[in-house]
Ligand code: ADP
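This document opens with one chain alone, in structure tokens, the form predicted on its own.
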Amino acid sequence: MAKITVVGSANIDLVVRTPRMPVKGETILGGPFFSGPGGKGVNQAVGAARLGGDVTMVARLGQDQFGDTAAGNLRQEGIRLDCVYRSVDAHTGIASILVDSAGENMIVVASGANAELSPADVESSADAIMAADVILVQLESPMATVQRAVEIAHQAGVTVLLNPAPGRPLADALLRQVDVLTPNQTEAQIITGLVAGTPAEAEIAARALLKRGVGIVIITLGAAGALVVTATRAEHVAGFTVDAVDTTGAGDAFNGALAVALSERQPLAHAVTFANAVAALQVTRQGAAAAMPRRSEVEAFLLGAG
């Protein structure tokens, strides 16, 4: 079974559907409302677990009701909680999410205990990191924590998959330890300073990242799929056409699936096709972690698409 350790954020999502996004200073009536597990780390962990991965989560929750709920959600998904720590003075992370009638979203995150996930926590979780086939990390945790997790995995020969979201500039010392980097076009531009709006521009940005030490760059292109760039080739892997209901968590679906596919040693183009299919299925449902598809659903979708 694919062994994946996810180091990252754990939130409770508070979601309101709305016919349109309010403008500054405006109050509108929306609904319905629902809540569920969230945070990029949890979303990716749930996505990987539902696809058959043996997943360990490294995260921090508050000692509050939301924290209890979040831990229960992880446990229900079969995710290992040995490295989920609880903060005394910080609340569990909260994401306030608006989703409009087109499925587009606006999100405000109160990080809470996520901001307290520390390099020391990562060092306490070193056994789980070193035992993994793939470590999956995002940027909703403190940068020093991200750097320590990547360092431990890299030194142990564990495949490092870094989803650089939310986007921020990254040091070459970090990038040199990343096997697979998965920015979207906006994140690629933030990291490189190069416009990445078209596939041709995205390839130039990806090659700049390779020169800075990244092993493989996969730039996600939304519904258009993904651009895979290695030292020897660039390949566009097409996405799937679906009717999107809620795009919250699409990138997380992609990354959780990619972690599973890489840990199973699937060929790279096949792994990205698999991840594209998972993301496509995920956006046809409401929510983030709750909308992650299961392996049987993905296999049936791919069979139908083929």
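Residue indices: 1-based, along the sequence shown. Predicted, not measured: the structure shown is a model, and the values here were computed from it.
Unshown form predicted in complex with this ligand; subsequent notes refer to it.
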Check all three, L209, G215 and V229, heavy atom within 4.5 Å of this ligand in the predicted bound form = no
Stretch in contact in the predicted bound form with this ligand, which is absent here, among 247 to 255, 29 to 37, 48 to 56, 62 to 70 (heavy atoms within 4.5 Å) = 247 to 255
Which listed residue (V15, V283, I12, V298) meets the criterion of a heavy atom within 4.5 Å of this ligand in the predicted bound form?
-> V283
In the predicted bound form, the one of G103, G167, G222, P119 near this ligand [non-hydrogen atom within 4.5 angstroms] | G222
N184, heavy atom within 4.5 angstroms of this ligand in the predicted bound form | yes
Does the 4.5 Å heavy atom contact test between L268 and this ligand in the predicted bound form come out positive?
-> no
Is there a non-hydrogen atom of A279 within 4.5 angstroms of a non-hydrogen atom of this ligand in the predicted bound form?
-> yes
